[in-house]
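Shown next as structure tokens: one chain only, the form predicted alone.
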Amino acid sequence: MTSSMPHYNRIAVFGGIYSNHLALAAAIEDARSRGVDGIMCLGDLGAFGPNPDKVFPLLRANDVSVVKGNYDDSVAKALDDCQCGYTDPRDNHFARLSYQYTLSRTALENRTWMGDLPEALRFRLGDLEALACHGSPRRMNEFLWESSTPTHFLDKLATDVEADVVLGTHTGLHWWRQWGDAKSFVNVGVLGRPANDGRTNVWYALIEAEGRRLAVDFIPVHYDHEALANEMRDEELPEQFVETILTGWWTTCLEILPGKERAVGRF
């Protein structure tokens, strides 16, 4: 750990923008109003939503630190798929539509920029050592769920990377667990689509440290979701994606959900 490592006391962190530039703008404005000293995005800038190139100017203009997600890696390299890790044929069908749309509409300049993003960021939160990644420190597209990820596994991940706090996203559902001597894992949530709870808002994490004491608040972000839905329809994206934005319930990517998380959804 070097003395030049970035240091924060109060940060806003989100993942999974999924081209939702309206929610991104609203989240940045809200975070600024709360006096944060840093804003981070943990990857997956495109997918699901419309007009992916609208995201990049907002990130750059607001000095958002960005970690590379699996979607960003795929788009940057023009791979055949999003490396999302689905096995269900229906989920793979919608993932393919989303990926092909995003790849074809992301400018080469932005693809190159994503290719240069780091896979992790190290920094200090108060007196804590923190590491931010997309899925997990060991694999970019690893799903870590609140109901099925044991604490001893999280502890090993944090120990292996010499961090007190690990921040991730990827699953689309926010949660936080603490254990031991100020150890934490925080799934910071996503801005691209609701948390499968029947509400149209999305979420980011407001994280504050005082010494080795950590506080995490999950902040709801309200934005013009109807305008986003109209833009998605203008771009002829699948109606299933639009329905999620309008209703707050996931209609795709359901096979990845463990039983407990899926049970609270509509489908």
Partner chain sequence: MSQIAHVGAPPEVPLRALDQLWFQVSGTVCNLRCRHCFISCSPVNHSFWFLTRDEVATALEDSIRLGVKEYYFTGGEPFMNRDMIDILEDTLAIGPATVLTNATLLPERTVSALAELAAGSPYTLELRVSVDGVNAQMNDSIRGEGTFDRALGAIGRLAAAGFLPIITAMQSWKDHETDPILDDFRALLRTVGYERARLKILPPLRIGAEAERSRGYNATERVTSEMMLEYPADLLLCSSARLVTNAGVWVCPILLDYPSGRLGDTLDEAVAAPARLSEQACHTCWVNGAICSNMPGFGAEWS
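Small disclaimer: the values here were computed from a predicted structure and weren't measured. Residue numbers count along the first chain shown, from 1.
The protein also exists as the form predicted together with its partner chain; that form is not presented, and the subsequent description refers to it.
Taking non-hydrogen atoms only, W179 never approaches its partner chain to within 4.5 angstroms in the predicted bound form.
With a 4.5 Å cutoff on heavy atoms, G126 does not count as touching its partner chain in the predicted bound form; it lies far away. Looking at T149, you'd find a heavy atom of it within 4.5 angstroms of its partner chain in the predicted bound form. Using a 4.5 Å cutoff between non-hydrogen atoms, E255 counts as a contact of its partner chain in the predicted bound form. Taken together, the three residues G85, R138 and G265 all lie with some non-hydrogen atom within 4.5 angstroms of its partner chain in the predicted bound form. Proximity to its partner chain in the predicted bound form, taken as heavy atoms within 4.5 Å, picks out 152-160 from the listed stretches 110-118, 96-104, 183-191, 152-160.
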